[in-house]
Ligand code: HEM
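Before any questions on binding or motion, here is one chain by itself as structure tokens, the form predicted alone.
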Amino acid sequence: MTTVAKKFIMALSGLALVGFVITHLLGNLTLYSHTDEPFNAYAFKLHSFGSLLLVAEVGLVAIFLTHIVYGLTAKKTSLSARPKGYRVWRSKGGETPSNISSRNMAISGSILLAFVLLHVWQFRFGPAIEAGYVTTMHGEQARDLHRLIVETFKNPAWVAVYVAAMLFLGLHLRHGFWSAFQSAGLTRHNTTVKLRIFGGLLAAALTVGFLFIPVYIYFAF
């Protein structure tokens, strides 16, 4: 497979993950409610999809792995071609400035991978109905995921971990969003700057949206 093809796949998988992150945040905004019903209803609705949810989760894992593998491959190719690096490189879209986000994509990506594994371990496979985390939804027993989240974020250490992870998410998205369009060949000279600005604003919005959830829960509950 050519380097261009690998970058294209990495770009598309990255954009798919951005879409997931946006959707995930929209669902998690229900945590800003001071009651457990909105979020538990959201979680209950997701689990009501049964096998379809499992298929979606497997697909999401595949996208994650694809992005990681091709991202590391692209990084290796880049280091081989430019072992010493340089401040500015030129592409079809013009000059691309080197910054803290672009220089540390592999690092921020690795940290985010570790965070995702931790996040899934805590909330996807954490204590459930059998452990007493139970509520009622539409006359049925359902997992009280809201309680688990609140208990987790009443611990300041976990709040600090999640806040730090979200800062790395913003760092990764700041460069990754517009870079994905560039790698996929979807930018032009007059759109690169606009995509870079939009990517920065999107990264900031997602970071703030996720970051304040644990902070809000810590102080409000």
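Note that the structure is predicted; figures quoted are calculated from it, not measured. Start at 1 and count along the sequence shown; that's the residue number.
The same protein has a further form, the form predicted together with the ligand, not shown here; the description that follows concerns it.
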{"item": "All of T30, A164 and A205 with a heavy atom within 4.5 Å of the ligand in the predicted bound form", "value": "no"}
{"item": "Partner-facing stretch of 152-160, 59-67, 188-196, 33-41, counted where any non-hydrogen atom is within 4.5 angstroms of the ligand in the predicted bound form", "value": "59-67"}
{"item": "Close approach of V21 to the ligand in the predicted bound form, 4.5 Å, heavy atom", "value": "yes"}
{"item": "Any non-hydrogen atom of L169 within 4.5 angstroms of the ligand in the predicted bound form", "value": "yes"}
{"item": "Partner proximity in the predicted bound form: A74 to the ligand, non-hydrogen atom cutoff 4.5 Å", "value": "yes"}
{"item": "4.5 Å heavy atom contact, I129 and the ligand in the predicted bound form", "value": "no"}
{"item": "Interface residues of 169-194 toward the ligand, as seen in the predicted bound form [heavy atoms, 4.5 Å]", "value": "L169, H172, L173, G176, F177, S179, A180, S183"}
